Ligand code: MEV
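First comes one chain, alone, set out as structure tokens in the form predicted on its own.
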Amino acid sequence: MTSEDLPPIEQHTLPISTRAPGKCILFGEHAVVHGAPELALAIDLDTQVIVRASDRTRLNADTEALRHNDYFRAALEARWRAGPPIDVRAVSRIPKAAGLGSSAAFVAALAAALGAAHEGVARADLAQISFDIERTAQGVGSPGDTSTSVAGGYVTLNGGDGPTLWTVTSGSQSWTVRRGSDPGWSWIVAYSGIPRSTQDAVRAVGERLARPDGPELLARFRSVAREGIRAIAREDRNETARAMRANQELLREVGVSHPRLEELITSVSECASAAKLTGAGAGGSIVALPIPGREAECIRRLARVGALAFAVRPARRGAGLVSETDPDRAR
């Protein structure tokens, strides 16, 4: 599958309804900002956006959203600067500040809607636009979250052997986005209840990698991500679990784990092959690879320690218009 195989967002008149999935990073968070490989999957928790003509620009009835919502402001400045007032409603099933792509899904869905309200938008262009918006709002980061939300399914950055979907750039830096292999597994994601700041965590890791041992640490991140990507392509659960544990150890070493995340990881040690933090860390969520048939047990164990847990599978499609015949439309 290449970017040409992913349908563009077609032109549409207001009102427009779009949706985009959240994401879960399996390998390579933080290191991907510095050019290392990453593997993520779009998960079947999504955000739906509805855009209507209006007398004043609003987001969820808030007429001041352009002043205090960085993502909303960046999206409209990039894609709707000369447009008429619009009323935007966003409904999300993705916990906020949880490391599961709530901002990326909102940005991708809104950018898809604004693109459709113009002349339509190609999927590769939507990936670049969504990243530009999110990076403007956050000031840091990689295009992994937004590209995964735009593409759906499994996605690799700077690694893997799958067909190239697109290349995303920021200044002199670029990331090659490819289709990742789908082993057909289910996953468990669990939100710790501790919100985290992507900006703060990314900057802290950048400072850690700037130390004298930084290049060696980054090389280890690269190696573990490549091993994990290959293991999933081979559908090798044991090797995938080993790579997940090695990735978690590296994330501890750069300081983005948290006692609460470690508690969640320990809680599923008997029912999951492995677990690790996912996303920026310092709070947020974990992802676990459950032993087949023990998914419900993992969710119960996580609930007992106060986590919000979901069994997830890859979203069947990325950002796009919602229609009556869309099997993934929000209910």
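The first residue of the sequence shown is number 1, and the count goes up from there. Remember, it's a predicted structure, so these values are computed and weren't measured experimentally.
Keep in mind that the form predicted together with ligand MEV is not shown, yet the notes after this line are about it.
- Residue 275 falls outside the set of residues with a heavy atom inside 4.5 Å of ligand MEV in the predicted complex.
- At the 4.5 Å threshold, heavy atoms of residue 121 stay clear of ligand MEV in the predicted complex, well away from it.
- For residue 280, a non-hydrogen atom is located within 4.5 Å of ligand MEV in the predicted complex, even though that partner is not displayed.
- Taking the partner from the other structure, ligand MEV in the predicted complex has no heavy atom within 4.5 Å of any heavy atom of residue 36.
- Look at 258-266, 47-55, 60-68, 23-31: in the predicted complex, residues with non-hydrogen atoms within 4.5 angstroms of ligand MEV sit in 23-31.
- Distance criterion of 4.5 Å from any heavy atom to ligand MEV in the predicted complex singles out 202 from the list 116, 224, 94, 202.
- Among 142, 130, 247, 192, the residue placing a heavy atom within 4.5 Å of ligand MEV in the predicted complex is 142.
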